[in-house]
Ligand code: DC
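Heads up, the chain below is alone and in the form predicted alone; it's given as structure tokens.
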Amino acid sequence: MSESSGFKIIAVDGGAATGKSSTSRAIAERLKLMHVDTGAHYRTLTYALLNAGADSAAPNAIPALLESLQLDTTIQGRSALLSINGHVPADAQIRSPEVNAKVSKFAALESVREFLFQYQRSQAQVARDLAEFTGLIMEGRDIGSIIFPNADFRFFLFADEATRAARRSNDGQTDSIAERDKRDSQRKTAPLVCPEGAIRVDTGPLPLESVVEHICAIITA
């Protein structure tokens, strides 16, 4: 359970295009939570590493590059965004074809995940320190299993592959859902899993509002 009375930590995990971001943002608005998208963390870090000339195929050079990066948090509305060396890249930059092609490869590196681990955990204190937030909702692929295994609520979102592929296409992404799932679930460090005891939510047959209503009802019961 979270340490502060009344302060809730909510973990939302799932594969690509399962609705993590849209669901988490809507819940954050409804329940006045700080929203953290750890997928955006890996995209932002990938963008910075690519700009520094990093190659995911040469992992031994990555730690030295990471040491040159200073992480901080910028609040925009209810979202906490990762700032690297004082800069928050535009959404279009971290979702470019170049980043899309490399993000899962960088995210699979142990040095990269360890670099972000403590920063991601620290976001709970960022939310506690800001009076406008009643808690934290963090989304990703290892939140309920690795980052916040003792979160007050842990949800695992899933949907059938055809639905997810259609969502991905609508977002302008062309990578294979099956290939992304394979990379995420088979990586050595912090693989994508449904955390033991997490509440599974099938987002395939339900509209977003119904998913949000369902999860909010559990949290506020």
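Don't overthink the numbering: it's just position in the shown sequence, from 1. Values in this document were obtained by computation on a predicted structure and should not be read as measured data.
Heads up, the form predicted in complex with 2'-deoxycytidine-5'-monophosphate (DC) isn't pictured, but that's what we're talking about next.
- Judged against 2'-deoxycytidine-5'-monophosphate (DC) in the model of the complex with a 4.5 angstroms heavy atom cut-off, the residues G39, G140 and R168 are in contact without exception.
- Heavy atoms within 4.5 Å of 2'-deoxycytidine-5'-monophosphate (DC) in the model of the complex belong, among the stretches 39-47, 24-32, 56-64, 157-165, to residues of 39-47.
- The closest heavy atom approach of R113 to 2'-deoxycytidine-5'-monophosphate (DC) in the model of the complex falls within 4.5 Å.
- Shown alone here, S96 lies farther than 4.5 Å from 2'-deoxycytidine-5'-monophosphate (DC) in the model of the complex, counting heavy atoms only.
- Though the partner is left out of this view, A107 does reach within 4.5 Å of 2'-deoxycytidine-5'-monophosphate (DC) in the model of the complex, counting heavy atoms only.
- Contact check for V103: a heavy atom falls within 4.5 Å of 2'-deoxycytidine-5'-monophosphate (DC) in the model of the complex.
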